[in-house]
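In C-alpha cells, one chain follows: the form predicted on its own.
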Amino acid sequence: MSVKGKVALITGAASGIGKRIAEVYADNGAHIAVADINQAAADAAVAEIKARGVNATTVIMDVTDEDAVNAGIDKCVKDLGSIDILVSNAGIQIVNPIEDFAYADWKKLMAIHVDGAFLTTRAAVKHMYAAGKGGAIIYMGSVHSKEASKLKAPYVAAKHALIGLAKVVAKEGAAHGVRANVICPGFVRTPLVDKQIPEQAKALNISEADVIKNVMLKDTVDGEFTTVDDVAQCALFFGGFETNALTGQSLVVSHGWFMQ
C-alpha cells in the first residue's frame, strides 16, 4: 500500500488540512496538483512540495465552477501525466441558527462542499476510467457526517451528503478499480475552526473558552483537538489502499467524539 509515483490532486491544498495532506503525500513519493482558489498561496505550496523532491503543479480552481473544475483536472493530467488520487477537501464554514440563516449562505456552503465534490469527482473519474489503472476518491467529511451540532444546518447536511455520494461512487467505480471513501475528522485547529470560536461564543452567549471545552471538545475522550497530521495519515492510508476491499467507507478521526 503506497502512494509512491501516484498523482494526487487535492482541493483546498494551499492551507490547513489540504496542505498537510499534500506534504505527507509528497514525503511518501506522490506527485501533487495543488488545487486552490488562491493563486499566491497555491504557488507557494507548490514550491514547498517541489522542494521535497517530487513533481507538483498549481491548479487554480473554484470547485463550484464546472468549467474551471474540468480545466483544472485536465491541467493536472497534462502537467503530471495522470490523476490517481482525488482528495476533495475544499470547504468553508458559516454558523447561524437556522431561523437566521441566509439562503445565499446555505447555497454557498452547499455548493462548495457538495457541488464541488460532485464536479471534481465527475472530472477525475473520467480520466481514471480511461487510464484503466484504478484510483482513489477521498472526501473530506466530518464528525458532522454522522452527528449534528447547533448553528450548522447546511454544513451538517453537506457532510452527510458526502457519505451518500461516496457510496454511489464506490459502487459505480468498482468495475474500474476506483474506490471512494470519506475521512470524518473532529475539530481540527485550523483557521477555519479558529474563526468559529468567537462566532459560536457570540451566538451561544458563552465564553470562547467554553466553546472549546464544552462545545467543540466536550464529547472527546481526552479533550484534545484532532490534528492535521491525524487527518493526513488517514488520507495516506486511503490513497495507498489498492483494492475494492476498502471502499464506500467513512473513517471517524475525532478523539472518540463519535464512536461507530
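Note that residue numbering follows the sequence shown and begins at 1. Because the structure is a prediction, the values reported are computed rather than measured.
Quick note: we don't show the form predicted together with a small molecule, though the next part is all about it.
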query: Partner-facing stretch of 127-135, 82-90, 95-103, 171-179, counted where any non-hydrogen atom is within 4.5 angstroms of the small molecule in the predicted bound form; finding: 82-90
query: Any non-hydrogen atom of residue 12 within 4.5 angstroms of the small molecule in the predicted bound form; finding: yes
query: 4.5 Å heavy atom contact, residue 77 to the small molecule in the predicted bound form; finding: no
query: Contact of residue 112 with the small molecule in the predicted bound form (heavy atom, 4.5 Å); finding: yes
query: 4.5 Å heavy atom contact, residue 63 and the small molecule in the predicted bound form; finding: yes
query: Contact residue in the predicted bound form, from 123, 151, 188, 165 (heavy atom within 4.5 Å of the small molecule); finding: 188
query: In the predicted bound form, the residue from 204, 37, 44, 68 that sits within 4.5 Å of the small molecule by heavy atoms; finding: 37
query: Complete contact of 25, 235 and 247 with the small molecule in the predicted bound form (any heavy atom, 4.5 Å); finding: no
